[in-house]
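One chain is shown next in structure tokens, namely the form predicted on its own.
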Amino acid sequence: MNVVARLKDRWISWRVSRVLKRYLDSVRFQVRDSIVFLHGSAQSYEEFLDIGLKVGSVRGVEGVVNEVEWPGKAPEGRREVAASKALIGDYDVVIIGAGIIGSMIARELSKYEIRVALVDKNPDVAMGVTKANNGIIHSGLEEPLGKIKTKLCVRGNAMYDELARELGVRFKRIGGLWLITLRSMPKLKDKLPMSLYVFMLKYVVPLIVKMKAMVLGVPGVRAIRSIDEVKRLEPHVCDDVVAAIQVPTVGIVEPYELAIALVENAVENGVDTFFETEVLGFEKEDNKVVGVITNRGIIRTKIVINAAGLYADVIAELAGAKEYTIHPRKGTILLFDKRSMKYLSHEVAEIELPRPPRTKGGAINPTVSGNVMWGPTAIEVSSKEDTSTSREDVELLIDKFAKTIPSFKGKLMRIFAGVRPATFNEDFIIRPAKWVKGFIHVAGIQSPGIAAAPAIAKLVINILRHEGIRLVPKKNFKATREPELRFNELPAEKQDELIRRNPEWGNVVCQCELVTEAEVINAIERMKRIGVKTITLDGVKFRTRIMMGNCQGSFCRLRVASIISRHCGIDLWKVSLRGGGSEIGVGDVKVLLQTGVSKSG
């Protein structure tokens, strides 16, 4: 370690020791290469979080490994999975995680003459963090200054028009309309004369936002001080609007649709996929990763990119490169039916100052499929698998957003939650591992991860070059992808033509979304082409929108399962929602009687 690094560690140690004074000597720490390791005990999970976040906010800290215990902490332990020693591949780069980040990196690497493997423990693309997201392509203006995620969000946002065009993915720049209301600065409201308070809302706040946009390079941001103009843009918003900020670069996508398109294009350009392949360890030579040990076998490689989302810290630890702890942060979202689209056309949010800690506060936004979403919340949870929803979460969202659009009468279709992979730095961690060669961290990619994803992939390419990976552009790279046909978006003449050629186009399986049998079969075939071995209901749903309508699958789920069963040659009851353990049945009719379960009671 050089002198500068030692001095930096000493300075961090001094600052961390001051932060930890309030915790009664129950927490110990070490600093190594700007990474802080915390040990000891906290009085609660909330205190565990508070300690980690305060230490993570110390300037210069590049990672917090928080191993502080708290009462009630569930014992850690990975599922026992047997490793295989068979060699199943030899690659230049192995990417762990087929969410939006891993998929984006895989597609970017497919532009070069190298061998790339994309590995995921799930049976399909985007079955982790990516699938439960509001799909907003943020502008970057929502993020704090000085963060890596802020810069990458601004850059990534600008790449989306070309990316969506190449991949045939639905993407709309709906723009953001951020309202400044009498509720926007609650701490000042009762301390200032009303005229001065309104002046600040109408002139000072917009000026600050516009200056921030100039610093970050977010184009087109403008202040609107005419209530008539605000109402012309969004007629249903609340009446106590004082001013608004219009951010034209805000966009929307379906995150799982984008991830699927990325992998389809990557596979067409030579990337190999390994689904249902769980990483169990690493082979190393001279402290350099040279192989990935999985349940299916060993994949030899020159370098590993860790894009494992919620479990990036676990994967890093397996490689001996634990430099951060992921703490899960849950976001609940309310999904409304398509008739709700009449209430708004922008991403609509109320500016709140100071901002709530650790969240942008959520918004009301349309989706590219024509629904409306409220949310998400930002609730710290101790389990990475906690996607439960609660009455309190729903009431929190209703209380917040019902004020923004008071006349909103949309029909609530579904309540769901996703979990964000937050680090204690509250920033992305994208860099080579500090103490292990051949291992790159792409971790802590919470919001605005989807917006930043294209820029993250470009950054990883630069890191690979610095790590000695020779990247020669592929002459026959195919940038475009043939998008899936959506029957309900086609003109009547085209629908008739398809039905005449193939009657399966006329067999409507999902009446809510008007999805046909031909689309289901096409989805199954596309899944097989990218290496999916277990065809799941969720996989078909994310590709066709079947089971996403008003009935949420009540009428069509079994019909889809029947098509999967027939097309894949498996028993109907073995068709699963999202892979092993989520099968829709337990056996053939009367199987319980046949196995004697009923006799034993």
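Residue numbers here begin at 1 and follow the sequence given. Bear in mind the structure is a predicted one, so any value in this text is a computation, not a measurement.
A second form of this protein, the form predicted in complex with a small molecule, is not displayed here; the remarks below concern that form.
- The contact with the small molecule in the predicted complex, taken as any heavy atom within 4.5 Å, belongs to His138 out of His138, Arg107, His441, Lys149.
- This chain is drawn without the small molecule; in the predicted complex, the residue among Val250, Ala451, Val304, Leu258 with a heavy atom within 4.5 Å of it is Ala451.
- Using a 4.5 angstroms heavy atom cutoff to the small molecule in the predicted complex, all of Asp120, Gly309 and Gly418 count as contacting.
- This chain is displayed without the small molecule, yet in the predicted complex the stretch 331-339 from 331-339, 237-245, 430-438, 493-501 comes within 4.5 Å of it by heavy atoms.
- Contact check for Ile445: a heavy atom falls within 4.5 Å of the small molecule in the predicted complex.
- In the predicted complex, the small molecule lies within 4.5 Å of some heavy atom of Glu278.
- The closest non-hydrogen atom of Asn133 lies within 4.5 Å of the small molecule in the predicted complex.
- Among heavy atoms of Ile96, some come within 4.5 Å of the small molecule in the predicted complex.
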